[in-house]
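Single chain ahead, written as C-alpha cells, the form predicted on its own.
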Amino acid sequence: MSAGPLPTDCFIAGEWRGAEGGRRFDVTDPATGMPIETVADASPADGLAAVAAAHAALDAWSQVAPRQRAEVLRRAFELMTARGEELARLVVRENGKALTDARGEVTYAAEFFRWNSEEAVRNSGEFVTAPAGTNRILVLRQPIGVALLITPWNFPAAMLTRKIGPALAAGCTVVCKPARETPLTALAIAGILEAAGVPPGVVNVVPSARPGPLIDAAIADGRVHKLSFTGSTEVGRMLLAKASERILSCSMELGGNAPFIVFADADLDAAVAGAMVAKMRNGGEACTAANRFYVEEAVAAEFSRLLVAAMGAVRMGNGLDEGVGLGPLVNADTRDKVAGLVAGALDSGARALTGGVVPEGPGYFYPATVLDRVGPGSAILQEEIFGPVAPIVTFTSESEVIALANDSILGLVSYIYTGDLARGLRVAEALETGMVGLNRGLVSDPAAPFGGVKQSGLGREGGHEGMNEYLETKYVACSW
C-alpha cells in the first residue's frame, strides 16, 4: 500500500512547508554513504511556528472526547500496519538496519498507537474523604500542554510513536524534532497521523540539520510545557540544564550499559539465543543492547564457543538484501567509535574470537565481534558500545557479579540467565537498573514501563505510566 510521494518538508499546522529560506539537507544511505533524499532544514523560526501551531490546537484537542482521541490513534495503528513493509524499507534506507529488524521495529512502533488508543479512555482520578472527615479530596489529571519531542536515529519509528501515542491520548499537542540522520520515517508517520484524522496543529514535525538553536528556542518558549528526549546521557544533561531555567517537566530516556549475566546453571543454548537478541537487535545500536557479558567461569569457555558460532553466522551487508542479519552502522563516527573501543580492548590484552576488523569498501560496516580476556576495568565496559561487539568477562560468585554489574553510572536494563528462579529474582532485585530481562533477551513492550535509574533517565514510557508523563495532577479540596 502506498500513500503517494514521500514527504520531505516540515509538517506544521497540518501543512507541508519548506524551511525558512528554502534550506535543505541530505539524508544518507549508511550502506553506501551516498545521499538518498533532501529534507527541509528547519530553523528556529520554523520551530517556533510549530510551537505556535501546537499551542493554537491545544485547547480544542484537549477537549476532544477521550473515545474520539482513541479512535484516531486506532486508525493510525491500522494505517501504519497496512503500510508496514513500505515503512520498514524506508527505515532501512535511512538507518541501515537489516530489513528483518526494521519490520520488527515498525510492528512495535504501531503497537504504541494501539496501546495508547486503549489508554486514552483510562485517565482516572481519585475521590476520597479526607482522613479528618472535614472535606472531600478530588484529584484530577489534565493534559500538561504542548510537548517538545526529540527522538534518536536508532529507532526512528518506535521512538516517535512511543512519545506521540501517549501525548495525544492525554490530550496534548506535540512538536517533534527527529534525528537529522532519520527524518524521513518521522515525516511518513506524520502523514499517517494526518490520514488518521489528527487535526491540524496537533502533530508538527520539524527536521533540522542544526537542531541546537531550534531546540533552545522551543525550550525557552513559555508555550511549551513538556520536554521528552531519547538519546545520549551527555545530550540529556545539556537539555536538562536548559530546561531547568523554566522548571520544564522532563522525561529523559538516556544511555545504557547493560550487563548480560550468565550463571553456570543456565541453559546455555537459551542464553546464547537471548544474547543474540539483546546484543544484535538493530546491530547493537540500541540503548537496551547487552554491553557487558559476565559469564560464570565454569561455563565461560562453552558459552564463548556457542556465542562465536552464532555471531560468526550472521551475514553482513545492505539491510535490504535477502538473508542479511547485520546492516551498516548509521554513520562513520559511530563505526569509528566502535572500532576504537575494540582496538583499545585488544591493546589491553583482550582477544578477538571473531570479527574485530573494519571491512574494506563503501558504507559504515562493522562485523559481529566477540572478545574474551577482557579486563573488568577496560574502557569498552565503561562506555555504551552502540555496535555489534560482545566483550566477555568471567566471574566466580553471585556477589562479585552484582558488584561488577552495578559498577556503572548508567542503569537502564540488565539481563540474567539462570536455572534457579529464586537466584534470578534475588539478583534482579539487587541490580541497579530500571528493567531486568530474566531468562529473556528482549524487554521492550508497549504495555510495560520502559525507563532507567541513575544517569539512564527520568520517567517512564509505555505501560500505564506512559500517559501519566503527559498529565498534570490537580487537587481540589471540596466541601458541601
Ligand code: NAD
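The first residue of the sequence shown is number 1, and the count goes up from there. Since the structure is predicted, the reported quantities are computational estimates derived from the model, not experimental observations.
There is another form of the same protein, the form predicted in complex with the ligand; it is not shown, and what comes next is about it.
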> Exactly one of V224, A300, I150, A188 has a non-hydrogen atom within 4.5 Å of the ligand in the predicted complex; which residue is it?
Replying inline: I150
>> Can you work out which of N135, S232, T81, Q142 has a heavy atom no more than 4.5 Å from the ligand in the predicted complex?
In response: S232
> Is there any non-hydrogen atom of N154 lying within 4.5 Å of the ligand in the predicted complex?
Replying inline: yes
> So in the predicted complex, does R246 come within 4.5 Å of the ligand, heavy atom to heavy atom?
Replying inline: no
> With the partner left out of view, is E105 within 4.5 angstroms of the ligand in the predicted complex by any non-hydrogen atom?
Replying inline: no
>> Even though the partner isn't displayed, in the predicted complex is F450 close enough to the ligand, meaning a heavy atom within 4.5 Å?
In response: yes
>> I need the one stretch from 191-199, 338-346, 366-374, 174-182 whose residues put non-hydrogen atoms within 4.5 angstroms of the ligand in the predicted complex.
In response: 174-182
> What are the residues of 371-405, in order along the chain, with a heavy atom within 4.5 Å of the ligand in the predicted complex?
Replying inline: E384, F386
